[in-house]
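Given as structure tokens, the chain that follows is alone and in the form predicted alone.
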């Protein structure tokens, strides 16, 4: 549309400029000579007009025709505007004339113009060409939009189908990826990673539910059996009281398990991140070493502590203390009489390493892969008290603080290799 208006306007401006220049030249000729000179000038112009486009009409004050190729003075020329556009009959065909009225000042009147039929045909051809071009462009645009939509639908259809399958509960479905590596493949890979994580979490939920049902069924059944037995066979009030107290103790143990599960969930959700603050773990670990040192001596064990003077970091003091407490409890639980538990904490560049080592039976490499799962207990730990949640909390605390937990043998190759749990945290 802009091309059409610019081209058509250029043609009109070209015609008007030619007419105005011609009219100015004739006015100058009239000023330089008499009316006969003007008549001669008009006739000369008509004689050299090869394209037969020039239009002239020179009249006297009385309306008598002196020169020109127009037969009559058009009524449109009497209007206020000097520019006139009128239909023109020439050679049996109808065209259009563009005229300029010039008042010569002595009663003579002059019309100077051009037959614009050729330019109208050119403008028509231009309009037709632009119309065809616009139609072709519109058709190509519609075709391109349709092809683009089909291509997008084809690329997005697998994602739609996968999402629909996931919505119906089929968590095994994944988005198929092409070898193009484009944005759709990146989107599909991201969705697959998300679905893998969701499946992992759902599997964890199922595992936790199964573990809770399995590990808590026994103490609940035991507490119920003891209470029923006491109700039926208790000889006196003292025996009934003892049975009730034992049942309460069993229920307290169950409550502690649920409390531990809820705390792990709270840590994994990041709800405790608001309690982060700059702290120094050195005095905290020193107090723990003194407390558990006394407990170790009471069990004929020995606790060695090797701590840096300062251990600065940013974190939750209570959670970090609870994580170390869990590690010390496990170490003392599995260390035999006369054994040694070692607590070490050092800063290595930008990492704080807190290691707790024992002289216990250790843990096979296969079990280390699952250590930290809720309620997981290695075969060697089945006979010891516990719920399998201690190391789960340690891993959750490490993840919350941007750290990690590593397990290794304390005495590699020994009959009792022991277990060393290392908690690595970013130092402040």
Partner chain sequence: MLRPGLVVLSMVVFPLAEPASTENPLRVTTDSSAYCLELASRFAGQPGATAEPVRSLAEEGQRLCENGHVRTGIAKLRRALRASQQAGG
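Note that the structure is predicted; figures quoted are calculated from it, not measured. Under this definition, the rigid core comprises the largest set of C-alpha atoms superposing within 1.5 Å between the forms. Numbering follows the first chain given and starts at 1.
Not pictured, yet referred to below: the form predicted together with the partner chain.
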(request) Please pick, from 123, 108, 333, 302, the one residue with any non-hydrogen atom lying within 4.5 angstroms of the partner chain in the predicted bound form. (result) 123
(request) Could you work out which of 319, 102, 116, 99 is the residue within 4.5 angstroms of the partner chain in the predicted bound form, going by heavy atoms? (result) 99
(message) Quick check for you: of 27-35, 60-68, 394-402, 359-367, which stretch puts a non-hydrogen atom within 4.5 Å of the partner chain in the predicted bound form?
(response) 60-68
(message) When the contact criterion is heavy atoms within 4.5 Å, does residue 161 count as touching the partner chain in the predicted bound form?
(response) no
(request) State yes or no: in the predicted bound form, is some non-hydrogen atom of residue 389 no more than 4.5 angstroms from a non-hydrogen atom of the partner chain? (result) no
(request) Considering only heavy atoms, tell me if residue 329 and the partner chain come within 4.5 Å of each other in the predicted bound form. (result) no
(message) Is residue 308 near the partner chain? Define near as a heavy atom within 4.5 Å, in the predicted bound form.
(response) no
(message) Going through 15-44, which residues have a heavy atom within 4.5 Å of the partner chain in the predicted bound form? Please give them in sequence order.
(response) 43, 44
(request) Please say whether, between this form and the one not shown, the C-alpha of residue 69 moves by 2 Å or more once the core is aligned. (result) yes
(message) If I superpose the two forms on their rigid core, does the C-alpha of residue 117 end up displaced by 2 Å or more between this form and the one not shown?
(response) yes
(message) So, superposing on the core, is the move of residue 82 at the CA at least 2 angstroms between this form and the one not shown?
(response) yes
